[in-house]
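What follows is one chain in structure tokens, specifically the form predicted alone.
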């Protein structure tokens, strides 16, 4: 039952506990009814209302929810923030944003960016031929930028040269010296002058997960010697005027604004010297780096950032202006490849909790006459359990439990005796936990005790499919219930997915502005669903997911919020069926149906089942092939 407004706990305390106002970038909040809301257009829509609309459309959990307004708002905020900085600082060139398709290649995302971004001529960054095809078939506005990174063969280059013919500003960013001769040859063959950029190896090192794209050992970019050689080759071919863009990428998710400033200063040095060499540079591409504050802590931790969007834009414009003014060089068009910050906020993974495991004593028995002495010694711990002796009690409880377990293994104690011991052990640990606030100095074991007793909540999702960065690189995302937030969350829990893998768990969370090993959650109510949301998952998670245990893509819903508080289901995609994922790993569903039919028919011949039962089992098999790969509850 929900607590009333006059009780000690309320939705504002939940907002503080889960930090939603710190990490949501003002796109999510809590209603007085204790529901998470999506906020845009001066309105707030409860996510639970959208969930109910999903069920009415036969879309079960888990679901990836995309909110198109948020995607639009991020593109608008980025472009308007740069426009504002350029105007205020009298910078004499424009800003042009591009979206790196690799961050989220899903058609719904790319198409919405192209559609809404057309008013800003917001372009795309591509790193492969498939991404190039996606960009060319989606971008709407002539004059839009297409930045071609990665390794490029003749076909890739031909696609870009044809794009120039169509009116797009398509730059070939040279990553290795071997690319330039191919570009020159293909441009002559097609009679199209190329637009060329150079990517330099930046010496400025940044912090965070993705800092290996700078420095001498970066796998991308050109050394100063290679740059000089390419400039000389372009001169020989009378094509130095084609070199119009300098590309300087420091890294993704840069948490410290000072490192960004240093990188821009270094980029200006390359830019100035290439101008002196005769290059016709008029674009400077600073790559990605604009971070997402996943933790909401607003510091230079790798999961956060110590700057705002306005400060990011102001610092880039200010540094470019003043550094290049010193060299008396005209201001270039500023290009950034903000992908993570563009799409992260717009997607939420929603799932229901299927079950829980708790680590609490149950049915503590009274002392029995023939009780084993070790169990008696365990009971004696209660007599001296106090704040001054908690470490001793903790050590004793572990010792006696281990002795009982050894006797059980040797057959000298039975199952019921071990059960009594385990229950006493858990009860003692919970009592120790209650005393820890009164202990001045505690060991690592005691500090970790609370998390070791936390519940396990089993979520209807696959970590490896929907949240691979948690498993692969210890990325953290904000996680919280989407309802019941005017009730105090009285349980501490870690999350487990439904894969058969011990790595399929989440045991690090943002709680009260700190990293915690358990998440405060509400106890399950029989007959009621309990829903959690994982926020800021729009970047990379959809594309990087794998088929662990053959759990496929989740259901996907795109909604658009309206100013009157209503919302429209713009698109919906049912997740992979079992037949789909089996076909991905080279099974042929029709052949599988035939083989199962033959197995069932053999069972009829052998008298195990009747012909009618055969048909029932075949129908069930065929229906399952078309079913969702995740846990389905009967409607």
Ligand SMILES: Cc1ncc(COP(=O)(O)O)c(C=O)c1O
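Numbering follows the first chain given and starts at 1. Note that the structure is a prediction, hence the values are computed from the model and not measured.
The next section is about a form of this same protein that is not shown, the form predicted together with the named molecule.
*Asks:* To verify the annotation, which of these, 263, 289, 123, 197, has a non-hydrogen atom within 4.5 Å of the named molecule in the predicted complex?
*Replies:* After the contact test, the surviving option is 289.
*Asks:* Between 338, 347, 465, 421, only one gets a heavy atom within 4.5 angstroms of the named molecule in the predicted complex; which residue is that?
*Replies:* Contact with the named molecule in the predicted complex is made by 338 alone.
*Asks:* Based on heavy atom distances of at most 4.5 Å to the named molecule in the predicted complex, which listed stretch, 399 to 407, 89 to 97, 109 to 117, 248 to 256, is the contact stretch?
*Replies:* Comparing against the named molecule in the predicted complex, the contact stretch is 248 to 256.
*Asks:* Taking the named molecule as it sits in the predicted complex, is residue 102 in contact with it (heavy atom to heavy atom, 4.5 Å or less)?
*Replies:* Output for residue 102 is yes: heavy atoms within 4.5 Å of the named molecule.
*Asks:* Against the named molecule in the predicted complex, would residue 509 count as a contact residue? Criterion: heavy atoms within 4.5 Å.
*Replies:* Output for residue 509 is no: heavy atoms all beyond 4.5 Å of the named molecule.
*Asks:* Evaluate residue 530 for contact with the named molecule in the predicted complex, applying a 4.5 angstroms cut-off between non-hydrogen atoms, and reply yes or no.
*Replies:* Taking the distances in the predicted complex, the answer for residue 530 is no, it never comes within 4.5 Å of the named molecule.
*Asks:* Does residue 303 make contact with the named molecule in the predicted complex, using a 4.5 Å heavy atom cut-off?
*Replies:* Although the named molecule is absent here, residue 303 would stay clear of it in the predicted complex, with no heavy atoms inside 4.5 Å.
*Asks:* Give, in sequence order, every residue of 136 to 163 that has a heavy atom within 4.5 Å of the named molecule in the predicted complex, or say none if there are no such residues.
*Replies:* Residue within 4.5 Å: 149 only.
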